[in-house]
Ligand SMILES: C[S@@+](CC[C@H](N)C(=O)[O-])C[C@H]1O[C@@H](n2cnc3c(N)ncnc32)[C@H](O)[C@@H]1O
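Just the one chain here, the form predicted on its own, laid out as C-alpha cells.
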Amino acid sequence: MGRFVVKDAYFKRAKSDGFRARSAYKLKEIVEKYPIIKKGDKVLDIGCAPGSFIQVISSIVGERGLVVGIDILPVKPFPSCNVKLITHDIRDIDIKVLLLEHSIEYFDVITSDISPNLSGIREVDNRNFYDLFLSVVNIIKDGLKEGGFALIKAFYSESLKDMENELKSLFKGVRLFKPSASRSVSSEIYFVCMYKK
C-alpha cells in the first residue's frame, strides 16, 4: 500500500509543479547532492522523453547554456530557447556530427535516464540495457570534455559491476546513488561520474 501512496505523491507533485514526470525530482535530488550541472553548461540528455530531466537542466544552465535532448521517441517541444530536441536512435548517432551541428567542441555534462522496453525476461532485459549502456559510454568517450561529468541510470543486475568498472576507467570518481523519488520496489540506481580522464 505504501509504495502506491509514494507514487501518487510524486505524480501529483510533478503535475502541480509543471514537470512532465516524477523523474524531475530524481535529478533535482542528485544535483543537490552532487552539483554536476552549473550555469552556462552545455548538456546532452540521452533518452530524454518525456522531458522532465530537460526541464530541470534548462533551468540550471540558464539562457547562456544549452540542453540537447535525444530520444528515439518524439518529444513535445519546449518554449525555452536553450533547448534543442533530436529524434534519433542513440545507437546510430554520430556524436561528432551532433557537436558540429550545435557549434560546440564538447559537452560539459552528459545525462542518461534511458531504459529499454522491458520484456519481463530478466536475461533479455539485462542484455538490452547493457547494449544501451555501451552506446551511452561510446557517446561519452567522444562527446564529453576532459574533466566533464556524467549521470547514467542503471539497474541492479549481473552487469552492474562491469558497468562500474567501465565508468571507473573513464572517470576519476564514480558514485552510486538511489534518489528517494525512485520507487522503493524499483531496482534503478544512478552512476554519478565525475571528472572525465
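Just count from 1 along the sequence shown to find any residue number. Note that the coordinates shown come from a computational prediction; the quantities given were computed from them, not determined experimentally.
Another form exists, predicted together with the named molecule; not displayed. Remarks below refer to it.
- Of the candidate stretches 140-148, 47-55, 160-168, 28-36, only 47-55 has residues whose heavy atoms lie within 4.5 Å of the named molecule in the model of the complex.
- No member of the trio V68, N82 and I95 reaches the named molecule in the model of the complex with any non-hydrogen atom inside 4.5 Å.
- Residue contact check for L99: none of its heavy atoms lie within 4.5 Å of the named molecule in the model of the complex.
- In the model of the complex, the named molecule sits within 4.5 Å of a heavy atom belonging to L73.
- In the model of the complex, no heavy atom of N126 sits within 4.5 Å of the named molecule.
- Put simply, K153 is close to the named molecule in the model of the complex: some heavy atom of it is within 4.5 Å.
- Shown here without the named molecule, the chain has D71, I72, L73, H88, D89, I90, R91 in 57-92 lying with a heavy atom within 4.5 Å of that partner in the model of the complex.
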